[in-house]
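Only one chain comes next, encoded as structure tokens, the form predicted on its own.
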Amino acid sequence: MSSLAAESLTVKRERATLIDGVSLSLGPSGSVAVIGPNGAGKSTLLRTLAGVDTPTSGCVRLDGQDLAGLASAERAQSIGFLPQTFEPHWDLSVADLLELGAARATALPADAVAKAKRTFELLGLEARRWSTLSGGERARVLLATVLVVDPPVLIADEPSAALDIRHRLETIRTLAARGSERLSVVVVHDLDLAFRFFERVVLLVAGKVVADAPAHDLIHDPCLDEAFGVRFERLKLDGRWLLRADS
């Protein structure tokens, strides 16, 4: 298991400050949903936590080591990153993509790739090229490619956006359930799914963390209404709370 920490993280692009002094302590296990309005900096935060983007100041530490000082191969073995959008340089087949994902690990169970195919319903798609896949199929292939190595840290940016309702629910449930043994940090657009499945919710607004709390506490906080510019009605159904937005 691995822990991840952001220390006074700031990311600037030209004159814009996308992430503004964010500090977070994450892991070594737990399910964390990152929420916030459009333009809050969620994708930038996750890309920086994964080591894809370099912070302007501050740092990200993986098990106490500065992420910037780790070799890319070492980062790839420890951190699985699911970007919001992905386009391979070559029009690879599903089988090729899974093999490339599996190659990130120094050792894997013999059935790891087969298990990933079953889990994400890819059996029969192995020969298909990336360009021929639907949005939902691509999302499932990308999930399988990252999770085939079962990384200690998973960072996922809206991984269910292109999926239908059934697959969206199953994906969010699966990613959140990983938190029982590993660290799972996921940008979740659907607030009901974030509060239903995740233990901890981080609310990002204008590049700053304005709330970081257990889901069952934060759902009642009026800062949610202020952050999204609506009035939420809190509804309790079958023992869990739901949010219904009103203008």
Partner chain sequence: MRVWLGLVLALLLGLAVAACAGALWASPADIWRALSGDPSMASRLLVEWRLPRVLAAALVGALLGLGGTIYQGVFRNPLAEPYLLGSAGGAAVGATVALLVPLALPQSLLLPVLAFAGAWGATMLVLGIARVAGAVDAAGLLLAGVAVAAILGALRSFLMLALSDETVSLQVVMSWVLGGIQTPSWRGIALLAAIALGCLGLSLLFARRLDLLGLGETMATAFGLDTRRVVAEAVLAGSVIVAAAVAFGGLVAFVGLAAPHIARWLVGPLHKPLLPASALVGAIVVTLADAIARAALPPAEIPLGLVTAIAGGPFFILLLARRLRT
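Heads up, when I say rigid core I mean the largest set of C-alphas that superpose within 1.5 Å between the two forms. Numbering follows the first chain given and starts at 1. In this text, all values refer to a predicted model and were calculated from it rather than measured experimentally.
Although it is not shown, the form predicted together with its partner chain is what the next lines describe.
Participant: If the cut-off is 4.5 angstroms on heavy atoms, which of these, K117, R75, R168, R138, is the one near its partner chain in the predicted bound form?
Facilitator: For this set of options, the contacting one is R75.
Participant: Since exactly one of R182, R196, R47, R200 fits, which has a heavy atom within 4.5 Å of its partner chain in the predicted bound form?
Facilitator: Among R182, R196, R47, R200, a heavy atom within 4.5 Å of its partner chain in the predicted bound form occurs only for R47.
Participant: I'd like to know whether A103 contacts its partner chain in the predicted bound form, with contact meaning heavy atoms within 4.5 angstroms.
Facilitator: Because a heavy atom of A103 falls inside 4.5 Å of its partner chain in the predicted bound form, the answer is yes.
Participant: At 4.5 Å between heavy atoms, is D111 in contact with its partner chain in the predicted bound form?
Facilitator: Flag for D111 set to no.
Participant: Taking any heavy atom pair closer than or equal to 4.5 Å as contact, tell me whether V146 reaches its partner chain in the predicted bound form.
Facilitator: Yes, contact at 4.5 Å.
Participant: How about I172: is it within 4.5 Å of its partner chain in the predicted bound form, going by heavy atoms?
Facilitator: It does not: once its partner chain is placed as it appears in the predicted bound form, I172 has no heavy atom within 4.5 Å of it.
Participant: Would you mind checking 88 to 109 for residues with a heavy atom within 4.5 Å of its partner chain in the predicted bound form?
Facilitator: P88, H89, W90, D91, L92, D96, L97, E99, L100, G101, A103, R104 sit within 4.5 Å of the partner.
Participant: After a core superposition, would you say R168 shifts its C-alpha by at least 2 Å between the shown form and the other one?
Facilitator: No, shifts by less than 2 Å.
Participant: Compare the position of the CA of R75 between the shown form and the other one after a rigid core fit and state whether the shift reaches 2 Å.
Facilitator: No; that C-alpha moves by less than 2 Å between the shown form and the other one.
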